[in-house]
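Next comes just one chain, in structure tokens: the form predicted on its own.
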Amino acid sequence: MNECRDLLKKLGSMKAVAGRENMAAEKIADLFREYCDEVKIDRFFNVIGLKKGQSKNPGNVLVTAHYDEIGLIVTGIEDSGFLRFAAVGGVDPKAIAAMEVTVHGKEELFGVIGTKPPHLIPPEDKSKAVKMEDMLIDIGYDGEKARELVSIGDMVSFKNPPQELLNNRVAGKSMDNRSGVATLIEILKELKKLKHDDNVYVVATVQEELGLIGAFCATYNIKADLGIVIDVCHGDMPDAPSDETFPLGKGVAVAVGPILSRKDTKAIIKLAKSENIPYQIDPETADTGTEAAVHSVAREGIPVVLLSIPSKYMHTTVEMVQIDDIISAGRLAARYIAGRVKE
């Protein structure tokens, strides 16, 4: 438990805004190297680990979890030194006012997102949400110095490292989906104890937040017989619909839906019951909004299972997950892989 918590905090402290995953790729590759026979980083910075199967004619199981995070991109530099910006991925403007950030210019620069203080807002505008285009990043320099250090197109990451809470919970930026990457490590650790016939490819994918881009590359490159996607789903929150959220600490959410393999999903649920691994059922009516959508149409189609870690406050800098759910997801996926019967 403590080992997984430390790993998650380490992963959550890494910076890898979608499109700039090169900042963390080698660090994740180092984590994979302890457990994999081969590790490589592809042209898009997907990190691919291979744990070879033990049969003479192994199949291929592909397990993906994205490691990119939402962030910002510099779109303008004012003469005053303030930086204008736009969202990279699904950034909620309500959640970023007064946020601390890191601007990845010629050097890493601390900045804050500034908005007009309430004292200076006209009464008729006080109830209105602040638009992103009305916010600015203040790095403390005038325009001349700012332009020396920052260029239009530089990425900006949110500065909120993971913090431990009670009840084995961790909150911070990018738990979506560093908790999934932590699950990949848990799968590899579990597989070290188990005999498995198939080659297992674990891939920390890129640019999921921009349209599942890394998964397209990985599913084309690796001809898999089974796909397993690890992502997050919505944790239970006050006033959120109970049929779309899942309590933390009650186990991994196993998705059931039209694009997901009925055979493998039923089998993985049966395994969870027999092994007493906590799980929940996540009904998905459409394409799931995850990399499972890519697996299902790759090449001639890959049978795919979706396992999700419940996460509160998604796409904020205080995303919250529970360590127990990561461990249960890793155990379930690894044991299913090890016990998989080929058709």
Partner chain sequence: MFENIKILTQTFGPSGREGKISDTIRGLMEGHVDEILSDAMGNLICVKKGSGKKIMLAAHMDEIGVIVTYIDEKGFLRFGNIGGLPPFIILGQRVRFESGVTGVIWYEEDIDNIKNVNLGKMYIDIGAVSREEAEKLVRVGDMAVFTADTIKQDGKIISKALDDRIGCAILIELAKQNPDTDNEIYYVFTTQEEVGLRGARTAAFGILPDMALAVDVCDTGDTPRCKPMAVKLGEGPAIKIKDRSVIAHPHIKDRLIELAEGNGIPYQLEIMKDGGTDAGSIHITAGGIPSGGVSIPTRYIHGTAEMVDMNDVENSVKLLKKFVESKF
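Positions refer to the first chain, counted from 1. Predicted model, so just to flag it, every value in this text is computed and none were measured.
Just so you know, the form predicted in complex with the partner chain exists too; it's not on screen, but the next bit is about it.
Listed stretches are 183 to 191, 83 to 91, 255 to 263, 116 to 124; the contact stretch with the partner chain in the predicted complex is 83 to 91, by a heavy atom cutoff of 4.5 Å. Of the listed positions (74, 248, 139, 130), a single one reaches within 4.5 angstroms of the partner chain by any non-hydrogen atom in the predicted complex, namely 74. Here is the short version: of 98, 152, 237, 165, the single residue with a heavy atom within 4.5 Å of the partner chain in the predicted complex is 152. Within this chain, residue 20 lines the site of the partner chain in the predicted complex, having a heavy atom no more than 4.5 Å away.
Among heavy atoms of residue 44, some come within 4.5 Å of the partner chain in the predicted complex. Though the partner is left out of this view, residue 201 does not reach within 4.5 Å of the partner chain in the predicted complex, counting heavy atoms only. For residue 110, no non-hydrogen atom is located within 4.5 Å of the partner chain in the predicted complex, even though that partner is not displayed. The partner is not shown here, and in the predicted complex the stretch 279 to 299 never reaches within 4.5 angstroms of the partner chain through any heavy atom.
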